[in-house]
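This document starts with one chain, in the form predicted alone, laid out as structure tokens.
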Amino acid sequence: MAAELKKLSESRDLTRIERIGAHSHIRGLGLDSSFEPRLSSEGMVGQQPARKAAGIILQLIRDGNIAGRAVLLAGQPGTGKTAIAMGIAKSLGQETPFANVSASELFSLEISRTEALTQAFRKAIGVRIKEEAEIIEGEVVEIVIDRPASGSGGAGGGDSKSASKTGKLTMKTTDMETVYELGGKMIEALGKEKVQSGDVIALDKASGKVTKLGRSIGRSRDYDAMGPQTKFIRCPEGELQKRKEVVHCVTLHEIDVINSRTQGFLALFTGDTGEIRAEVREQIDSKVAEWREEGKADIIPGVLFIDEVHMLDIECFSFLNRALENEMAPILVIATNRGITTIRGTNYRSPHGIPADFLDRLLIISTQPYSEEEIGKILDIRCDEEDVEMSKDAKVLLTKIGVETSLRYAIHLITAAALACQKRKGKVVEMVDISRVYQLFLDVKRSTQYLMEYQNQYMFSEVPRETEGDEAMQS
């Protein structure tokens, strides 16, 4: 039964990982060592000037010296703004924090917008905390656990029994061998990790944490029942007891949550963080500054990406203006597809719906529409990503559709055409499948045309009627 459960959880994990998203094919920005964009690399196609500019921003982030820089990705819908932001995120690696927010999210939260923005900012700032720990590292020769003869044998006396257990642990490196006395807690920790003789383990003296590093290579010929995931490593050399520098990477927001609640770490999992008081943040900032002076911690400024930034209102923009001046600010990357439009919360119009004083702080990267050849390459990549085999003619037709309508519409047709192909028991998607799904699913232009023709049969069709009246007056 336990094995079945394990299999089930494994298959669930795999399905979760293998789901294909709109930008799951992007692995980075596709730049070479001198920041020159390759024509097609790491899932990125075209947009060379925009990618080169993003590469320079990437270097700024990696250096981590300049805080509070803001970058605006501006371009028409479907020109790869979110793809560039994803490329930056993937290129940064694991350690640099990347927080992703959609501007409309801030209006749906129970907390105030400024608090939501502050939390997003602090999610994008990492703290690398270094601490020295005394570690005993070696190969387990033997574990002997003595159970006291006068222990209560009943089920109820389990705790007192484990506490009164004593034992000896013999560990060795290539140079020495030592016997350690074990207490109840240590015995429990070793039991939890299922430590046996022949395992290479590390014991943290301060916390009593046991880490199983692997199995000794000298035992690789044992005929024990070993799983395929068993890792064989060499027996450690030198002293058993070592001083090791342990590095923890956390974000400022995680420290805020843990310190603002009695059970703060649980709030991190539930997501119910609520408003965090300014005093808590001030104390944390001063403590982090203290650690930096002592050399115990480093600040890693990350990236905060705000998509659909025109949805923010004038209050949020004035807050961002001030927040960017803080020395603890991350690099802010924002994206919008609006032209000259009204700033939310005012009657004023401005480029991209962003106030002029905030626009002045931004480095603007514009994205251009894709050429026919680039659309073809993107569709190729998406076919590979979605595991769809398509004939050459079908790809040409789909590229033509992408040019005529939009890239997003063409990408949507890939999986739909694959299903149509499956239905007719075909192996490769042909032009027939593409034309079939093209007739089934309308693009924006044909949908608008259809609406114009049948507008009278729809409810609340006032706007088209007005245009009809205008045409009648002109004629």
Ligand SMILES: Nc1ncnc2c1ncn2[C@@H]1O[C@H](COP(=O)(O)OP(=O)(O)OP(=O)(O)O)[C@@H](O)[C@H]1O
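Treat the numbers as computed from the prediction; the structure is a model and nothing was measured. Don't overthink the numbering: it's just position in the shown sequence, from 1.
The next section is about a form of this same protein that is not shown, the form predicted together with the named molecule.
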item: Of 365, 398, 378, 125, the one that lies within 4.5 Å of the named molecule in the model of the complex (heavy atoms); value: 378
item: Candidate from 421, 54, 407, 61 lying within 4.5 Å of the named molecule in the model of the complex - any heavy atom; value: 407
item: Partner-facing stretch of 38-46, 413-421, 429-437, 445-453, counted where any non-hydrogen atom is within 4.5 angstroms of the named molecule in the model of the complex; value: 38-46
item: Contact test in the model of the complex: residue 214 vs the named molecule, heavy atoms, 4.5 Å; value: no
item: 4.5 Å heavy atom contact, residue 218 to the named molecule in the model of the complex; value: no
item: Interface membership of residue 370, the named molecule in the model of the complex, 4.5 Å heavy atom rule; value: yes
item: Residue 26 within 4.5 Å of the named molecule in the model of the complex, heavy atoms; value: yes
item: Interface residues of 103-141 toward the named molecule, as seen in the model of the complex [heavy atoms, 4.5 Å]; value: none
